[in-house]
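Here we start with a single chain on its own, the form predicted alone, put down as structure tokens.
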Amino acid sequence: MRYTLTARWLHWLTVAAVLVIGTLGLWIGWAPPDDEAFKLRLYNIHESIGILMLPLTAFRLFWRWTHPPPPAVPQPAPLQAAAWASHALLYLMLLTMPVVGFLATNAWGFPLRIFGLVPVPSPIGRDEALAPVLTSLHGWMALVLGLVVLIHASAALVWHGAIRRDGTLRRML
């Protein structure tokens, strides 16, 4: 039995958004362009898509609550617990990372305008002591998210798709 079409679209939209956000975050962090205006556009795209992850993830959780997923393929209890924990951690990161990133941006003194159009009020304002702490926390959260995404994708593709061939992967395709 498959997930609903809406659940599948929300999942793959989230995957695409995380890939774009992550790519931009790595680019900005490790090889920032010399052109300051271009770099600021990259930041704005990263932050804009990042902040939109909040309503997207909230809607995903609402959808999951109102349209429960199909029954999982039976697994040993430790694997079921690991699957539950990884999904919970994915949702936690998708909800908290945008908030921490947004607060870091505010603490550095940069207001957010979603895609340069919609201003988002700054809840904390410039705070030079807090800014590096939030930025570091956001970076560590990105590493955790990346690791959990890697585990999640590996479990789906390798464990369920190639080794067990139990249909779990097809439920989200």
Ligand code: HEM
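Please read these numbers as outputs of a predicted model, since none were measured by experiment. Just count from 1 along the sequence shown to find any residue number.
Keep in mind that the form predicted in complex with protoporphyrin IX containing FE is missing from the display, and what follows is about it.
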Is it true that 58, 124 and 130, all three, sit within 4.5 Å of protoporphyrin IX containing FE in the model of the complex, judged by heavy atoms?
no
Looking at 40, 26, 144, 118, which has any heavy atom no more than 4.5 Å from protoporphyrin IX containing FE in the model of the complex?
26
Under a 4.5 Å heavy atom criterion, is residue 157 part of the interface with protoporphyrin IX containing FE in the model of the complex?
yes
Heavy atom to heavy atom, is residue 33 within 4.5 Å of protoporphyrin IX containing FE in the model of the complex?
no
Applying a 4.5 Å heavy atom distance criterion, does residue 11 contact protoporphyrin IX containing FE in the model of the complex?
yes
With a 4.5 Å heavy atom cut-off, would you call residue 53 a contact of protoporphyrin IX containing FE in the model of the complex?
yes
Within 142 to 169, which residues have a heavy atom closer than or equal to 4.5 Å from protoporphyrin IX containing FE in the model of the complex?
142, 145, 149, 152, 153, 156, 157, 168, 169
